[in-house]
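Okay, here we've got a single chain as structure tokens, the form predicted on its own, with questions on binding and movement later.
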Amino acid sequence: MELIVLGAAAGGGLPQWNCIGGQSRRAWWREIPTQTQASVAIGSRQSGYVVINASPDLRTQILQTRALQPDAHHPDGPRNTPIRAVIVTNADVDNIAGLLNLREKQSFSLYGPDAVMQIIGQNSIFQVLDPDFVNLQPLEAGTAITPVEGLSVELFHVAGKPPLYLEADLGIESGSSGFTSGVEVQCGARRILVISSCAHIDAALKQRIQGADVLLFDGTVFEDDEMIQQGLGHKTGRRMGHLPITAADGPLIELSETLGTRKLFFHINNTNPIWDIQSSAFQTITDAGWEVSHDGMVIPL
């Protein structure tokens, strides 16, 4: 079994298509590696893979990942895939747009919180996922499933906000009403947590993280106002539903006593200086025991 980081960047990727500021400039000039938008796959070629969050870059990620490509000698014939299931943790475009890449009448199961499944079910564009092949299954927090042999998967609530395109209808304060989840994966004796969006680390989340073997955690912004500082936006990290890395209540401090866990930042914005391994920001997180995930990273389980 293995965890493959298909994409490590936040929405827009690195570089963002219409940006030459922040770390995007260095990525355009090939001074740092380009990165696709956040998604991971967990499983094996033998048992199949579970994809966590279908980013808009999913087709490109499959092209770049041999383990997710069709098998020339598959018993089902030339149309086949090792992707057995997709789990979406919220209804942000960054996490569901990639589902449209999986519309060629291929069987797989789609799981997510009921609030997210309702949004997908009510949006007619997702009807291209033929229900004769794609099984939409609400998955509430605390319910464990076995989407492929050898993996147990459970969702849990994480503080967040509703999708940007629903803020006007639902209000930003509705974000903790089942719109954002983390994923806990049990693989044998190993426990893996994937948390791509997090607005607050509470006691329950800290307790869940304690003892995990691998943690991929929301690393969207290093400082709350870095987009504003760089002239690349008017929103803070918190306004977007992401806890800044260096905040007094952020992961660098709040998770500093998490021992024995391999901790990696994931879902990293194009403004975040930790992309630059020569930066003081990168040194700050490595000194604190954290790593920066990247496209194509493989973590054996």
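If you're wondering where the values come from, they're calculated on a predicted model, not measured in any experiment. All residue numbers refer to positions in the sequence shown, first residue = 1.
The following text describes the form predicted in complex with a further copy of the same chain, which does not appear among the structures shown.
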Worksheet item: Is Asp132 close enough to a further copy of the same chain in the predicted bound form to count, meaning some heavy atom within 4.5 Å?
Response: no
Practice prompt. Answer yes if any heavy atom of Ile277 is within 4.5 Å of a heavy atom of a further copy of the same chain in the predicted bound form; otherwise answer no.
Written response: no
Worksheet entry | Any non-hydrogen atom of Ala204 within 4.5 angstroms of a further copy of the same chain in the predicted bound form | no
Worksheet entry | Distance check, Ile62 to a further copy of the same chain in the predicted bound form, heavy atom within 4.5 Å | yes
Discussion item. With the distance limit set at 4.5 angstroms and only heavy atoms considered, check whether Thr36, Asn101 and Gly231 all reach a further copy of the same chain in the predicted bound form.
Written reply: yes
Worksheet item: What is the one choice in Gln69, Thr236, Ser256, Ser47 with a heavy atom within 4.5 Å of a further copy of the same chain in the predicted bound form?
Response: Gln69
Item to complete: Taking 4.5 Å between heavy atoms as the contact cutoff, choose which of Leu136, Ala159, Ala144, Val128 touches a further copy of the same chain in the predicted bound form.
Response: Val128
Worksheet, complete the sentence: TL;DR on 190-198, 76-84, 149-157, 210-218: the one with heavy atoms within 4.5 Å of a further copy of the same chain in the predicted bound form is 76-84
Fill in: Any residue of 1-26 that, in the predicted bound form, places a heavy atom within 4.5 Å of a further copy of the same chain
Gly11, Gly12, Gly13, Leu14, Pro15, Gln16, Trp17, Asn18, Cys19, Ile20, Gly21
